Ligand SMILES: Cc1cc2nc3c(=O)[nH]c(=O)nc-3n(C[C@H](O)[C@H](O)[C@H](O)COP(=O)(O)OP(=O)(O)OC[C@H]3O[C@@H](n4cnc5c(N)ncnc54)[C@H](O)[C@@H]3O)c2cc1C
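Presented as structure tokens, the chain that follows is alone, the form predicted on its own.
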């Protein structure tokens, strides 16, 4: 058994919270657990779609990270300014009232769970033209825009072919369609989904992709795959695509391009993909004592595509990393491995949802099954949300 030490968890999202909680339970009180995030509040991102349609408020899907203190996890709020993966040193800049100045922390183990930064500015005009439902501010502004909408053209857009929560834009299109229909505006509204990718949830396989596409198109939503947006004209309400196509809109809801946080790139943790490569089983990086989990990672699958970026994987990976670190601290045999299993709910509107789940590590291709749409899957997502907000943090 090792002497008392310190584990630092970077990021207060699902992966970071799970890792910190699991480590606290698996190690003695003498081992210090520090959670660092730029925000003092944990936002349950899967519920942003419900906030977008007005069935949730920001308060309902947020919890103070300071609640982790009662579990024996130290919480530091500040901007992570530097990571040295060789020495496992982290520098944090704290502004009043959270703190005053620069602090440095040294770790025996470092868990990087900083997620993906949203970069709408990388597409000219995009940030000024519409609403990103992947952020709290964007989901709230989209909710107001949908409420004011009186008919016309709605476009849901994925601005890049790879993004976290792969089902979310397809859910968003169906949830917006349901709200427009509920308000009696469906005959006065066209809804189209322009996707940079070839099809929905492509990594899950052709059957799942075709199934989700059918769900979208059965609601009268036009689906236009392989449309990579290159420019947006906010004043004209016009999208221009790399293939020469043009699309007009009165209301634009979009998924922005993603990139790893700057501090990750500056630390040399990312590779040519722009993300952090890890061991697919233990999530260990090439630096001793440094692990990465969740959206910031790049894990190639046997068929060439990367493991999707999704909260369900961040949660499972966090538990694995906590087990690996705890085994080393406690001098026991590690018996935890990430097996590539995961799934997600797919909201279709009207209190109904589907569910897709399976083995993404399966060979020669992921084995994923899409369950039939029904109320039980919607209720399952509601119960998952309540459990997380009550017990997760």
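Remember, it's a predicted structure, so these values are computed and weren't measured experimentally. Positions refer to the first chain, counted from 1.
There is another form of the same protein, the form predicted together with the named molecule; it is not shown, and what comes next is about it.
Although the partner is absent here, residue 56 lies well away from the named molecule in the model of the complex, with no heavy atom inside 4.5 Å. The named molecule in the model of the complex is not approached by residue 227, whose heavy atoms all lie more than 4.5 angstroms from it. Among heavy atoms of residue 140, none comes within 4.5 Å of the named molecule in the model of the complex.
Using a 4.5 Å cutoff between non-hydrogen atoms, residue 130 does not count as a contact of the named molecule in the model of the complex. When the named molecule is considered in the model of the complex, only one residue from 276, 320, 310, 176 comes within 4.5 Å through any heavy atom, namely 310. This chain lacks the partner; the member of 301, 203, 196, 263 within 4.5 angstroms of the named molecule in the model of the complex by a non-hydrogen atom is 263. Segments offered: 66 to 74, 354 to 362, 321 to 329, 44 to 52. Contacting the named molecule in the model of the complex at heavy atom distances within 4.5 Å is 44 to 52. Residues of 49 to 82 lying near the named molecule in the model of the complex, listed in sequence order, are 49, 78, 79, 80, the criterion being any heavy atom within 4.5 Å.
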